[in-house]
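Encoded as structure tokens, the following chain is the form predicted alone, with no partner shown.
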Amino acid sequence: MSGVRLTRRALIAGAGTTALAAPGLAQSLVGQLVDLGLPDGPSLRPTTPAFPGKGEMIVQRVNAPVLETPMSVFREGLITPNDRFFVRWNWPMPTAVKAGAHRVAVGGAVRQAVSLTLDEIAAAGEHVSIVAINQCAGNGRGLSEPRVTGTQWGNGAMGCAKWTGVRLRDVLAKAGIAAGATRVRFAGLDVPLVDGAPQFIKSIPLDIAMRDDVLVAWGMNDEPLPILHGFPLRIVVPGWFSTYWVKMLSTIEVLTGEDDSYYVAKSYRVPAAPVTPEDKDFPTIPITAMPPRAFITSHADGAVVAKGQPLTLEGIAFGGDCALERVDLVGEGWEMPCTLGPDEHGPYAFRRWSVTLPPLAGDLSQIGVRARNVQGAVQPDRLAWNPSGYARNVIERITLRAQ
């Protein structure tokens, strides 16, 4: 659908120096803890309302910022507010960007390399908006058993927002795509901490880059992108994991072969076939599209519910890279269909579900919700373990105590 018209005033709003690691911030987090329920190890994480530009978040790391959305936020609405949206940076980010001086270089296998201002990006094509889930590939990693290395996320490394910008293909048209093009690669303004470390660079196949809904976006929930979320521009690839949604976009490069950069060829990959923790040196494939997932948000694990009374459960679900088809409540040897709420925001967004159980005779042990999308992909009952904890979509289960 059509988006709001980009204005220079909107772009430069708040583009002055923004402090993201205020002195004493780490010390201010002590004593405010949330239990993520991680297995076999420490699961307490600090929360704070003091992180610049954010409400209360679970703090995984201060620099480069890694902030997790508390699951309680997902009870409040299908659109995740900007100030409660998770944050993930691989490398330290600039704390200020001057919009008037920013340029995006478009080169590689193009007819004519160009360097585009924000105004030129905005004029490249129709302004469009799409609601889509942005989910870290490692969302839920901290729940893996056996445990794996990496950021120990609960399930809050995701959010759903309205993104506004122009189509990537219209920006590419400013340079013209040359014959033999296979992929489009992106880099941002974040830089490695140490010499020799790989820059965070990602690429997508050309056919994905040319989709109607893949954007160069400047807007997030009808506001300019916050600096923590990639001001002034970021890539949006609906249905794909957020590793491809490069922030603070500065370079677009068209490739004619495979991408041998570290974060495509070596990292953000999963086993090509099922593996065990003992397996070594197995072939891998890159993470791309998201699978379906569903969550109970009305009740936390271990919550006490009324015995002898009906119980209504509610939550959110999504189809991954296509629309959600159904959600079922599952227990130990039983299942029942849930009622889906209206499709308010399109195929890439969160959707509500609910189900009412008859009066409870006792505890509800190991219940969960299972999502299925319109392409037939279904959440599995057992975890497909991998050594990086990527692309988790096992049914998430809780136990409720009836009293």
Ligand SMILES: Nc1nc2c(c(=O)[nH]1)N[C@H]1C(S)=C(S)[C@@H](COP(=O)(O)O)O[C@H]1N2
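For clarity, every value in this text was computed on a predicted model and none was experimentally measured. All residue numbers refer to positions in the sequence shown, first residue = 1.
Quick note: we don't show the form predicted together with the named molecule, though the next part is all about it.
Asks: Please tell me whether the candidate spot formed by 85, 188 and 200 is one where all three residues come within 4.5 Å of the named molecule in the model of the complex (heavy atoms).
Replies: Yes, the whole candidate spot contacts the named molecule.
Asks: Looking at 155, 243, 297, 152, which is the one with a non-hydrogen atom within 4.5 Å of the named molecule in the model of the complex?
Replies: None of the others qualify; the residue that does is 243.
Asks: Name the residue from 102, 183, 247, 167 that puts a heavy atom within 4.5 Å of the named molecule in the model of the complex.
Replies: By the 4.5 Å criterion, the partner-contacting residue is 247.
Asks: Given that the partner is absent here, does residue 209 sit within 4.5 Å of the named molecule in the model of the complex, heavy atoms only?
Replies: Contact with the named molecule, no.
Asks: At the 4.5 Å heavy atom threshold, is residue 97 in contact with the named molecule in the model of the complex?
Replies: No, no contact at 4.5 Å.
Asks: Does any part of residue 134 reach within 4.5 Å of the named molecule in the model of the complex? Heavy atoms only, please.
Replies: Looking in the model of the complex, residue contacts with the named molecule include residue 134, since a heavy atom lies within 4.5 Å.
Asks: Going by a heavy atom distance of 4.5 Å, is residue 89 a contact of the named molecule in the model of the complex?
Replies: Yes, residue 89 lies within 4.5 Å of the named molecule in the model of the complex.
Asks: Looking at 76-84, 320-328, 274-282, 188-196, which stretch has residues with any non-hydrogen atom within 4.5 Å of the named molecule in the model of the complex?
Replies: Looking at the partner contacts, the answer comes out as 188-196.
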